[in-house]
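What follows is a single chain, given as structure tokens, in the form predicted alone.
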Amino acid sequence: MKAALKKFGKGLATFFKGLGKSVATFASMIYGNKKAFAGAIILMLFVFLALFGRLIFPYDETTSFSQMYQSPSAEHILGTDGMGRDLFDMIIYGTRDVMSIAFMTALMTVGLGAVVGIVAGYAGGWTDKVIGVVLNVVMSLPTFPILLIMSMFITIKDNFTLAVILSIFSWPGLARAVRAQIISLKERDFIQICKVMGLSKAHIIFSELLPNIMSFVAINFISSMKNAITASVGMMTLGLALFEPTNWGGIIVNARNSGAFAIPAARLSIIAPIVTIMLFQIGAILFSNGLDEAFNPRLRKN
């Protein structure tokens, strides 16, 4: 047992050592790809707002119906909502919650999907068959009807639980894709040489297989964040997630419930959060597509 743990530890240490050396190469490849660089700038802006936005743009929860649906001005950059609250400050304040949901969902989705995919692809045999059955069952579940039924009985009150629910329906597709890549990689010559040399499974997984799928995992991490934001907005609209007035989805729901679609002066309270979501989506798409171009030799430009 101790020997196995020691081998596992050595394999893990080798992986992180190689990962550290790859950071500079990764950064240079991102900088050299216009799509990835532009997407990174947009995503970094949202990360910055999530970390420091509340300090720079303090949000005043005080309602004032005399200030409702004010036009954009120096005092209110995007105007106000149906309760007289500053729309720009609301969007900035809600960025932290939205980004935390997206990050936790992507982390759980990619973590579970990658681990299950690697185990299924490398182990093979009955392990692969059992995991394959589980993947088929989860992927066959009708997501929207299940969420709709859940919304009738429960209301999710914290971001972590919301992220768990979102990741449950997201990880099987990634696991299947990772499994296919591992099956392909483990038949290649460099893996066979490792086996002939008697190298441990931990070394093969962490030092040989995992680095070869890291770009694919990174791309799926960004894509999972993008999908999580859209899904969380939908879950709040369904009533499954607790209504939060500063959440981008909450702003849209609140504007819809107050009849903003029919009030010309109120339309910005709907357009602003939608444009914010679209901007994040564009950044995520550019970054993930740029990563694919940077790491995929068939797409890389000379």
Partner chain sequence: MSNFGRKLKAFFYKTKYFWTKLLLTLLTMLIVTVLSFVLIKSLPGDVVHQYALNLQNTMKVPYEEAYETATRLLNYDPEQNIFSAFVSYLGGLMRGNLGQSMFLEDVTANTLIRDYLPWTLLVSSTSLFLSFIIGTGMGVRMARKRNGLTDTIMTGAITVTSSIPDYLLGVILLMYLGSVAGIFPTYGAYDLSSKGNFWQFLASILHHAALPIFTCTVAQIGGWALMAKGSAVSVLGDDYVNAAVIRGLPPRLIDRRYLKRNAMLPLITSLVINFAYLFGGSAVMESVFAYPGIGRAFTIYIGKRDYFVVQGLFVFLSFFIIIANLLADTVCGLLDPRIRER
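Positions refer to the first chain, counted from 1. Predicted model only: the values in this text are computed from it and were never measured.
The same protein has a further form, the form predicted in complex with its partner chain, not shown here; the description that follows concerns it.
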| item | value |
| --- | --- |
| Non-hydrogen atom contact Arg256 with its partner chain in the model of the complex at 4.5 angstroms | yes |
| 4.5 Å heavy atom contact, Phe153 to its partner chain in the model of the complex | yes |
| In the model of the complex, Ser184 touching its partner chain (heavy atom, 4.5 Å) | no |
| Exercise: Phe190 in contact with its partner chain in the model of the complex, heavy atom 4.5 Å | no |
| Segment assignment from 130-138, 114-122, 93-101, 217-225: heavy atom within 4.5 Å of its partner chain in the model of the complex | 130-138 |
| Answer option from Ile56, Ala265, Ile274, Val47, heavy atom within 4.5 Å of its partner chain in the model of the complex | Ile274 |
| Within 4.5 Å of its partner chain in the model of the complex: residues from 248-286 (heavy atom criterion) | Ile252, Arg256, Phe261, Arg267, Ile270, Ile271, Ile274, Ile277, Met278, Gln281, Ile282, Ile285 |
